[in-house]
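Consider the single chain below, provided in structure tokens and representing the form predicted alone.
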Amino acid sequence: MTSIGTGYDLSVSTYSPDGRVFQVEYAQKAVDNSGTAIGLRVKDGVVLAVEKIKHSRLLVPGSNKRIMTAGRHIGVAAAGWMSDTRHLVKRARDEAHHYHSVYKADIPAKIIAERMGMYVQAYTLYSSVRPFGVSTILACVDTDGPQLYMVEPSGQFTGYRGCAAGKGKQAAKTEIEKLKLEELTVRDAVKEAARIIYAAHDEAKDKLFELELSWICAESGMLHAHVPADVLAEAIQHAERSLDEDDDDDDEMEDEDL
């Protein structure tokens, strides 16, 4: 039995005969059309990186950030609609503040990921609302050490060593799987994250983009912060150099084939 073109995508509260919720899948498509976002959990911290597509040369550099702070020890990287991202970040801040006001302690990563997942999933249950068109990557350092979670438009949340979302997620995942994340330091992870974003970037479709990087580590006082300008510049140089080397290797292989 097919559910294509039969109207099962008119309401988020309706299943198709083959068990699909089409509006959730459409929300995932919005994520897949966005710039790539990745998270790396390494031995001494967490690193977030985002490929922020610049649709115009008139945009002010550094504006409209896709990496935000949801709590002193919590960073959020997003792929998808920015309006939905801001709403979810505000919700995460409210959750972190409420937990701290009740328990007088910072909210653990697993709890905020669970609460955000439940909140996002609630928007897939009622016909009067629509799913959030954004995947959020939550980075945190709590009493259990560095933590990394991703909350998807369906409300599913999963803990990761490394994860990716957005249009370049397949290429990014392939590169992340090659890394020995448990052995990397945050300094190394920042360079690798920049390299992966540059490798996943589609130059043919989106020429202009801005790299955003943040970390939670000893250098940031175990607080979420964007990486310093000198570290960012060094990471970009490393990524561009790696990209040039890969292009040279491809050219050499083509010459050998000829």
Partner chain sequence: MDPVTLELPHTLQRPGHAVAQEPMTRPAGPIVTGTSVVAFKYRDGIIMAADCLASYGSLARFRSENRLFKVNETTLLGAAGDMGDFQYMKHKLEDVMTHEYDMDDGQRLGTKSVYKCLSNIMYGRRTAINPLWNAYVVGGVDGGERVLGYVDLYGTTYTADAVATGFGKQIAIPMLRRRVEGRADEISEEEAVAILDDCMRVLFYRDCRALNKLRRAKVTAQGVEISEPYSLETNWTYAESIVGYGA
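Numbering follows the first chain given and starts at 1. Because the structure is predicted, anything quoted here is derived from the model rather than measured.
There is also a form predicted together with the partner chain; it is not shown, and the following applies to it.
Here the chain stands alone, but in the model of the complex its contact with the partner chain, taken as any heavy atom within 4.5 Å, falls in 97 to 105 among 78 to 86, 162 to 170, 97 to 105, 134 to 142. Screening 225, 30, 231, 211 for any heavy atom within 4.5 Å of the partner chain in the model of the complex leaves a single hit, 225.
Interface residue among 91, 130, 187, 72 relative to the partner chain in the model of the complex, by the heavy atom within 4.5 Å criterion: 72. Contact annotation: residue 65 falls within 4.5 Å of the partner chain in the model of the complex, judged by heavy atom distances.
Residues of 36 to 60 that come within 4.5 Å of the partner chain in the model of the complex, judged by any heavy atom, do not exist; none qualify.
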